[in-house]
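Before any questions on binding or motion, here is one chain by itself as structure tokens, the form predicted on its own.
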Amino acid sequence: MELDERKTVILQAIIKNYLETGEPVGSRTISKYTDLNLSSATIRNEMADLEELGFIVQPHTSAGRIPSDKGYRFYVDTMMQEHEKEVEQLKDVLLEKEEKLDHMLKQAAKLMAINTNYATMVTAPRSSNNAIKFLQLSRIDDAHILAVIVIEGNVIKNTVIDVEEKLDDETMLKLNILLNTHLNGLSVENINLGLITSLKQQAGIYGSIIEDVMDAVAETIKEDDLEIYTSGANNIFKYPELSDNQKASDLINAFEEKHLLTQLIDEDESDNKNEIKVYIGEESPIQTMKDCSIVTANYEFGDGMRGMIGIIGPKRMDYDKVVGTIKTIKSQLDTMYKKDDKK
């Protein structure tokens, strides 16, 4: 059923307030809760209309109102439509950006390698903030549900969850309300055992599904799908101190396997300072690079997204040229986001 904007905002405010407090909601509470700048009398009239339409009810003799099933249904359907629209828009935008970004980062790594004659790496940006923006559960079939998780930075993660029995619309509705009410804005670190226990208790007989969803959320957000672009690994052979068969083999392996490079990335990400860092010899967090020097810097890609650029060479590398190259590429990547953001 269509409601005008004022009634919709008031209904949403009643539902959100009731979900948070569990107490009937009065007009004075709503007047403080919304930015409609309406008087309590006007809000009471709108609430009377909503009650007559069956979206809210008055429990016993309380002056406040609580949502009816019909109100919950309107709220969730509206919320889901908005989220589905947002997810689709995000997917289209992100796909286009990812294609451009993939090409740009490969070119950045190649350019650094050509300019310095050293080995280089660039990581794709990933969110430094893993707070949940919203979570949407939808039924695939009788035995599976799909959890769409959107985290800050507009990173979308999908995961399929097995269920033992078919979940009806009302159950899906309640689970979505429960999860979004308690999880929006929380990071994985804030989702503790106490919160999970509380959610399971509120879910009643569906507590095991909540546990599965929470496990899926944690695993999905934590999963390491970092893309690392490398170039110039063969430049290592140009330097006698690194071209020893074993040393060269270990270094080439690090670039080919790439998982070893994550040690360097993790070290860099643990430092929130956005500055150029230089690791010389034994300072390197990567064992196979103890005979090298590594220069790194983080670049900012907006919306809490950050990536890393790095140049690896002999300890006698041309530090002045390397730092200058890092600064130039970092500046270009930072600026590239600002340009894309304005389009």
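When you see a residue number, it is the position in the sequence shown, counting from 1. Being a predicted model, the structure only gives us computed values, none of them experimental.
Missing here is the form predicted together with the DNA; even so, the following discussion is about that form.
At a distance threshold of 4.5 angstroms between non-hydrogen atoms, Leu53 is out of contact with the DNA in the predicted bound form. Contact check for Ala63: a non-hydrogen atom falls within 4.5 Å of the DNA in the predicted bound form. Contact check for Ser27: a non-hydrogen atom falls within 4.5 Å of the DNA in the predicted bound form. Contact annotation: Lys290 falls outside 4.5 Å of the DNA in the predicted bound form, judged by heavy atom distances. The partner is absent here, but in the predicted bound form a heavy atom of Met47, alone among Val295, Met308, Met317, Met47, sits within 4.5 Å of the DNA.
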